[in-house]
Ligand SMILES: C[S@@+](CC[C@H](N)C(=O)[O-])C[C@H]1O[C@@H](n2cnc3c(N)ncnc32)[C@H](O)[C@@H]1O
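Form predicted alone, single chain, as structure tokens, below.
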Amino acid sequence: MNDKSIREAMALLKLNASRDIILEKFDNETFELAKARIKGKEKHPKADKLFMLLDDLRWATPYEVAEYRAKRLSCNKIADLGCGVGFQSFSFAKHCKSVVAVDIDRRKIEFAKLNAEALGIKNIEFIEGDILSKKVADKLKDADAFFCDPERLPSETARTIKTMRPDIEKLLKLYPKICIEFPPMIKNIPFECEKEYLSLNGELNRLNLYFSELRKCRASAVVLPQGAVIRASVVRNIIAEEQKAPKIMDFFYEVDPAVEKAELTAELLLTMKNAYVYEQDNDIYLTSGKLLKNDFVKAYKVLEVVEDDFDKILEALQRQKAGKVVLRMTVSPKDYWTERNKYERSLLGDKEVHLFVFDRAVIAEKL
């Protein structure tokens, strides 16, 4: 595999050369490797040195997530089960004394070796093999912790445990002290474990399940890149009546999706004194009279609250000298710009506002 050829193909891609032109000089794999390196900057800061196909990149762990997880699982020796091309293993290598990276796919193991060499990492042992086999399991007996990111079917519309590979029940029997990555939108998790939901740049990104001694609590929420963590207390997530707001106050907050999925709003309120819950249509918001800062919320200054009526909303937007209106309501992606243009075509201002609509319409400015 020729790194020089990949770099030359990258240079052509950056000049907007067509696929056909590039394939006149290089083979299809070189073209894809070059394309993945350019796109890979979204996942790893040194992606331009790495070997990966586009499908490898699709499933690769973002650098911020890999670093957080490696710090939490830091130990003497960790085994990365189903390592792929190695993104998570490389972070483990920074925070653990040694790493064993295992994958059943020979091509992925070869790429992972090349990537470790490109990054100057020398404390990873690579094993090609089936992680459910006794042969591999025996080699990993002395590991202090295990991590696995199982394969999922790309075509699935709803994730299920049954279609994940390797078999989760068999995995747990062989490696009880393990963290397993699960799809964050999966509905049923029939295990006794800690459910840790991670958001990255405000979007729900990962779900980690911690078993055995790795478990710290019932549920937790993490926001990245900030690294802030909330863990469940012994009390279930119950919001008292006095914590519920009868009306929207001067400041309005969107709760991070990791907190909502982990059902930790009550714990969040403990860190945000003088904030109150405003719940609408199964969505939870917070509101307060004074501005409160917290890594687990997005804050907005409330400009005006009016009835849910198009004409009254439009009048309020005009009073606020709005020009752009970001819709924060239930609307299908295909209809979003049609709905947004209904407001913006009658506006002459230059202010960008956010419009929340439920039983009332809230016009707010993001802080």
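Note that residue numbering begins at 1 and tracks the sequence as displayed. Source: prediction; values computed, not measured.
Below: the form predicted in complex with this ligand, not depicted.
For Gly129, is any heavy atom within 4.5 Å of this ligand in the model of the complex, or not?
Yes - in the model of the complex, heavy atoms of Gly129 and this ligand come within 4.5 Å of each other.
According to a 4.5 angstroms non-hydrogen atom cut-off, is Glu203 in contact with this ligand in the model of the complex?
Contact check for Glu203: no, nothing within 4.5 Å of this ligand in the model of the complex.
Since only the chain is shown here, I'm wondering whether Ile104 would be in contact with this ligand in the model of the complex (any heavy atom pair within 4.5 Å).
Yes, Ile104 sits close enough to this ligand in the model of the complex that at least one of its heavy atoms falls within 4.5 Å.
Is Val85 a contact residue for this ligand in the model of the complex, using a 4.5 Å heavy atom cut-off?
It does: once this ligand is placed as it appears in the model of the complex, Val85 has a heavy atom within 4.5 Å of it.
Where, among 271-279, 117-125, 185-193, 165-173, do residues come within 4.5 Å of this ligand in the model of the complex by heavy atom distance?
Going by heavy atoms within 4.5 Å, the stretch is 165-173.
So which of Lys77, Arg218, Arg72, Lys108 reaches within 4.5 angstroms of this ligand in the model of the complex, heavy atom to heavy atom?
Selected residue: Lys108.
Which one, Glu254, Glu260, Glu267, Asp149, lies within 4.5 Å of this ligand in the model of the complex by heavy atoms?
None of the other options qualify; the answer is Asp149.
At a 4.5 angstroms cut-off on non-hydrogen atoms, which residues of 44-60 are near this ligand in the model of the complex? List them in order.
Heavy-atom contacts within 4.5 Å come from Trp59, Ala60.
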